[in-house]
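Have a look below at one chain only, the form predicted on its own, in structure tokens format.
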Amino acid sequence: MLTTLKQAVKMIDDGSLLCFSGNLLYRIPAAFARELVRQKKRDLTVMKTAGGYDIDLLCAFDCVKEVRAGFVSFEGFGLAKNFRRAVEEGRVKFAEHTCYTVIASLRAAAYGIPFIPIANISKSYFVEERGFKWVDDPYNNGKVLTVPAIKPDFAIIHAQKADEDGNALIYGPWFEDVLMCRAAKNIIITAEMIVPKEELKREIDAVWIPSYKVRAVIEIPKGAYPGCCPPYYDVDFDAIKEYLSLDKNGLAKHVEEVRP
């Protein structure tokens, strides 16, 4: 269970469907994304509600064939230029969702059902673009819009603490991370620190991810860098600005030099 980053990434087959933890630059599996690039993984489908550095980096190195997300952005820092370029050049398909429909699709998978009803968003082009289906309401209230279950091969979660079995503690907002873990076939945990089981028991209310589907757990201090992982470190604003200025050679140097 307790392993190295390199060994954990080797578990990921080309063509896998991955879900990434966190939101924008908050508690993202950044170190894992860099190792995916180093190992030259290909044809991945990556999904989350709000992507940033993690998805942008994978798009820069042609690791991804499809992104399913509400949006991908660096917000106040500007556009996710590598993601945008890859989509514009046809190297990556952007299967645009709302954050709501990403969450609903994961929830259906977590519940073990093939689809799930959602509130009517028929005014949006998403319905036709994503091929969402209408079904008859069995309670005779007309038609109900649905989205299909999406069951990731792996949920890749960066947490503050974990034990060696993969039980993981998350401080602060967990976004869709717990739902991803319930929906996914397998889980890989990267953690700021590996701690004894007794320590997790003392904070049991924050232990949101149980170990039973965890395939690997890796201790990676600053594993979300250059993003943040409260309460340990904030976003490195200068590093993000530098990243956004890099050309392909600079990005390759970045991937090799920024290591856990």
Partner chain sequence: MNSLERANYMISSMAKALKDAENVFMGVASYLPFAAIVLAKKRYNPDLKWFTILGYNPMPKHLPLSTVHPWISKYCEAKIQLGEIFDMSARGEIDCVFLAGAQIDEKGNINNSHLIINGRRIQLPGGAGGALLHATAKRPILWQGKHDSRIFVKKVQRITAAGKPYKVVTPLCVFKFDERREKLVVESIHPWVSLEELQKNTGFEVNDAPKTEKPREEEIAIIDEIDPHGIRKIELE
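Numbering follows the first chain given and starts at 1. Just so we're clear, the structure is a prediction, and the values are computed from it rather than from any experiment.
Here the subject shifts to the form predicted in complex with the partner chain, a form of this protein not shown in this document.
So if I measure heavy atom distances to the partner chain in the model of the complex, which of the stretches 134-142, 151-159, 97-105, 185-193 falls within 4.5 Å? Careful reading of the contacts points to 97-105.
Decide whether residue 119 counts as a contact residue for the partner chain in the model of the complex under a heavy atom distance cut-off of 4.5 Å. Residue 119: contacts the partner chain in the model of the complex.
Contact flag, residue 221 vs the partner chain in the model of the complex, heavy atom cut 4.5 Å: Heavy-atom contact with the partner chain at 4.5 Å: absent for residue 221.
Spell out, yes or no, whether the shortest heavy atom distance between residue 26 and the partner chain in the model of the complex is within 4.5 Å. Contact with the partner chain, yes.
Answer for residue 210 alone: is it within 4.5 Å of the partner chain in the model of the complex, judged on heavy atom distances? Contact check for residue 210: no, nothing within 4.5 Å of the partner chain in the model of the complex.
Using a 4.5 Å heavy atom cutoff, which residues in 113-138 contact the partner chain in the model of the complex? It's fine if the answer is none. Read in sequence order, the residues that approach the partner chain (within 4.5 Å, in the model of the complex) are 119, 120, 121, 123, 124, 125, 126.
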